[in-house]
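Okay, so we've got a single protein chain in two different forms coming up as structure tokens, structure 1 first and structure 2 after it.
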Structure 1
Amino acid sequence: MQSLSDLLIESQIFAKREVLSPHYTPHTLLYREQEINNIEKALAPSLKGEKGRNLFVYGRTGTGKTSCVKYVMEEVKNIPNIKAKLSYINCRLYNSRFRVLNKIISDHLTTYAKRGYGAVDLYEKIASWIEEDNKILVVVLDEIDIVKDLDDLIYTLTRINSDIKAGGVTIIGISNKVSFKEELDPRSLSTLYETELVFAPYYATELYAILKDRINQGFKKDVVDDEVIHYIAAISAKEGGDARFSLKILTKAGELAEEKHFQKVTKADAEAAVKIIENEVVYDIISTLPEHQKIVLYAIAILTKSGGTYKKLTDGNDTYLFSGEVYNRYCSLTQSVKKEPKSERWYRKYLSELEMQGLIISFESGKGIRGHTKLIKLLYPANKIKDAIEKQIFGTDIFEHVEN
């Protein structure tokens, strides 16, 4: 364990640690030139004072969605005499319609902030502020799907465009979940006139270049060898092409080397870092899942751990579960906590979302196994998933009586 005096000594590993942060926006975003250009094109009408289309940006965690949007926002701020006003809103913090409206007020009308206004008052204040000089308000909603009353928020923001004679609101929504709009009320959905942009995962070669660029800025010279960079890039590509994941591994590997007073980061440090970061990432992913997706994942975990109604299929050390069995256990779990199970149609969407998050994999069985059916495999240790959901969401024993 390092003492305080050790921590105050100049690092032999890191040169500029902040460039390794997932919140850092580099001057050049490698392999995202086309995506940045597409965001600029979508935003151009709003910047010219026209009522533009809303933009929804999708992609897995760590594909550069937020960084690219923030990059364009910085470009906009440097354009002189522009009427567009921007608000970036992290929906993990501002997760309701009232909080989002209040954040917009805080950004642009500070004299009216924190005065105890209700949502209607905030709406009217924002609308009149936009209309007074024909400005366009661009609202960036990062992790938009987390907003609890999203229908109300979407309807409120888009309603401004109908209620005012000049100016308008443009929404840029950022989400890991491509299908989140399908949960919107048709009333809200009908008000959206949007462009969609999907960010693909990074390849190993791209992750290598991104890591190399950050290492050149963030680490002392010759501290990280190419072998370590290639290893981290390959692991991260296999885990879904997540640049944020690769940077977390790199940073943790540097910290482990520093704790041992090494002069270089070794592959062993990187391998140890992977195990640590994987646990953190799983916990973070689970925390962002909607409640019913958590219950589906919990059902998969307990069936993988203990078996179920049907005979499990195994392939070496891998265990596959029948989709129908998982759905039945999901229904049992939801009823045990006095909730209404969703339909099989929604259940299939939940499986798709869990697969997109890299938590499970599924495929059609083909002929010979109870006809055509979907097989599901958990990609993380069942105990780890089960414990994370219990401790984080449900309490340690809320499902105990229905596990077996």
Structure 2
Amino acid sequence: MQSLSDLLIESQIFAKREVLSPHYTPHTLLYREQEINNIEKALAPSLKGEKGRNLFVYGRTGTGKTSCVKYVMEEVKNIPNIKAKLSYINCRLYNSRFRVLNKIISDHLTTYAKRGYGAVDLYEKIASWIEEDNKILVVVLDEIDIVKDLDDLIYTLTRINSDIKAGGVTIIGISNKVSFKEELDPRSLSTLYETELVFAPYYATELYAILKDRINQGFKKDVVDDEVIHYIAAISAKEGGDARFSLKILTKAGELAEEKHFQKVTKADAEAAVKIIENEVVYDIISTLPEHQKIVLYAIAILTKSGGTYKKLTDGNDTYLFSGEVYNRYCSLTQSVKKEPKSERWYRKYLSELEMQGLIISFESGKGIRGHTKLIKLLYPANKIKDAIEKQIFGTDIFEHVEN
């Protein structure tokens, strides 16, 4: 802990803290020229007053999707006399059709009273406002997968195009959920995916450059050695090429060094930071998982703790679980909280979702082990996962009588 007087002393580590904040938008986005250019291309017709093609942007977490789209939106703001009106909507906050329509109204039609209107009124208001002088409304839906009635929202937004004579709506959707596509109605799917843009995870060398650039802006000179930067870049590349993760580690390492009144950030600080940030990240990921995925993950954690059947068969060090035993445990857990278990088809989707989030890894066992079966391995300590799930969703003790 630092005392108040410690906190008032000028930092030996940081020069400009705010450039390390998660809310900071960097002026230059390294290695994303091509992606930025593709977003600009997709937007260009709208900026010229023609209805553009809808764009769907996806890729793993921390690959710069939000930053690049916001970057282009900033560029647009600086162009005079354009017909397009832009709305950036974070669907974590505006997670239904009604809320999204309301947000569009409050972005552009501030005089229009917000309260007491239904979705139909909002829709009509937006449509007539667009038609008034042939506007093009560009709606950016970030974390679009969170919208509860997404098919309705997409239907409503695209219906404007057929309902009005002039002007139109262009949608830019952003998501890090790959399997999200499968849950959409085929009509929404073809609307949304007119053009798609995939963001690849960053390589270690790219993360190194991103970190280095941020260090130059945010840290005092010569405080972070190359060895430390390489270490953070390598570990973040291994964990999914996530720039947010690497910047969080860097910042936390700086804070740890500062607390100890060091003049430099050491590799030990970075290693300690990795542990702290990993825990936070896992906790955050779990908190966004839908309930059934949480139960599947919980089943994996408790089976891992007790050492799955496969481990008993092989006597190896790592714990691999049979997909079937996890499914059985998932079913019994679901029933114990008085819910209907989902079919195995859904269960397989949940597994691939958990794998996408980097929480588990799964692979085919190959011949010989009970024929041909899928094996699952948890990538984080079972105890931590189990505790996090218990704390977050089930209250503290809902599973207590069931498991341990």
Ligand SMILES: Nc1ncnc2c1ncn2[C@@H]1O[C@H](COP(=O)(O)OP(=O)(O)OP(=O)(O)O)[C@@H](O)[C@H]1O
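Predicted, not measured: the structure shown is a model, and the values here were computed from it. Residue numbering: structure 1 sequence, from 1. What we label the rigid core is the largest C-alpha set whose atoms superpose within 1.5 Å from one form to the other.
Two forms of the same chain are shown on their own. Structure 1 is the form predicted on its own. When the change between the two structures is described as the motion of two rigid parts, Pro290 sits in the other part from Phe262.
Put simply, the smaller rigid part swings 8 degrees relative to the larger one between the two structures, by C-alpha superposition. On rigid-core superposition between the two structures, the C-alpha of Tyr350 is found to move 3.3 angstrom.
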